[in-house]
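We begin with a single chain expressed as structure tokens, specifically the form predicted alone.
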């Protein structure tokens, strides 16, 4: 072994090591101090994740380490920053909720840190085994987080459903991995790509199908979305906000690395699968949300639809497509966090409310919240010149350039149908008779909503730098 190899390996993975060690320290503190440390745990966890992000940006070098199982490149670093940002805001938004709901558990921020660690390993995984380790580390933490409110029957049911269906998806993913390894003789992505450069065998194609089906479960792509509405509705709202943001980004990043890294020579095969997932997700997200009355359940179908739009860019199989997906993920993450800040602010003296009708007349009782939520709804619907329009524009542009005209047309039509339920929320806020007002919005929620709203409205100001960053990250695969 060359001198300094171990040091370099550890340097590349130092953000992950910080989260791992930090989570263990927090767990020990919590075990000895009990529930009275719950509030301080949130602050320490946010500081830990922020420190890991700073190290990732300024200290950790790029490279391929641990026997080519772990890669840190421009794409990985950008996706990790998105995940770290999403996790930070998710913990911050849960601070006040846990206090009001009287179930402040010190374990929740630790679970978020461990899930974030798993997501970062997923994003950097350049080997099937490393990918599965990261995936399960994330998934096991999320199963527990969904059911963390032990006094709630809905939360316990959500956690159990997520666990059972997650185990099914893991089995499908592992079966696909075993087929890929059996027919190529490699677990490393570079070795798999080299083996697939020749004529592909039937077993390899089956392996690709099963692996993509397992990953599709993690991004809530139809028809592997069945867990999403029930878990979103049943889990505590801050947990749902976390589920809707960072894990989706990590799973989509993992799908990009698998398809363009391991399966780059099988593009003709996996593009058909991705196109099918995109169409099914867009249509289901557009039509199934129309009849929803619970806003968390509506956001579940909304997320399914948005993952379908992101998959349109992936199906294009080009650098423009990957760049479009990255831009979509950045915008989706920020829009989603802002929307859930509003949902967490839907609180009256007797607790949270989740019915969409509770937003009646919000423009008269909380005008600034109504204005920001209106901008976010228009953006989620893809109305120009807001950020959501540009997200869809870039993925549809990639599909058109790749001559996937049918996919682009279906996407545009699904976006038009989906606009109905976003505009219905706007109509309820501005034209219906007001309900009794909500309690004042917590300061951390105002911060998240303000950042999200300003980014969404004034996206055109930062569109150039965001596109440059996304293009640089996409160039990793081309």
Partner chain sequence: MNVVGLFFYLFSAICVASAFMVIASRNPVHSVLFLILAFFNAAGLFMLMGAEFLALILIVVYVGAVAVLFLFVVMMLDVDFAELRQGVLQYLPIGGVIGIVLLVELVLVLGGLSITPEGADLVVQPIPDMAETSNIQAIGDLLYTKYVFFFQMAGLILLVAMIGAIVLTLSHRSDVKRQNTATQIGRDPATAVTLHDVKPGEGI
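Numbering follows the first chain given and starts at 1. Here the structure is a predicted model, which means the values were calculated and not measured.
Although not depicted, the form predicted together with the partner chain is the subject of the following passage.
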Residue within 4.5 Å of the partner chain in the model of the complex by heavy atom, from 85, 229, 214, 134, is 134
The single option of 333, 196, 284, 179 touching the partner chain in the model of the complex, heavy atom within 4.5 Å: 179
4.5 Å heavy atom contact, residue 206 to the partner chain in the model of the complex: yes
Contact test in the model of the complex: residue 366 vs the partner chain, heavy atoms, 4.5 Å: no
Do residue 279 and the partner chain come within 4.5 Å of each other in the model of the complex, heavy atoms counted? no
Just to confirm, residue 175 within 4.5 Å of the partner chain in the model of the complex by heavy atoms? yes
Thinking of the partner chain in the model of the complex, which stretch from 147 to 155, 319 to 327, 340 to 348, 77 to 85 has heavy atoms inside 4.5 Å of it? 147 to 155
Contact check, 105 to 124 vs the partner chain in the model of the complex, heavy atom within 4.5 Å, ordered by sequence, gives 105, 107, 110, 111, 114, 117, 121
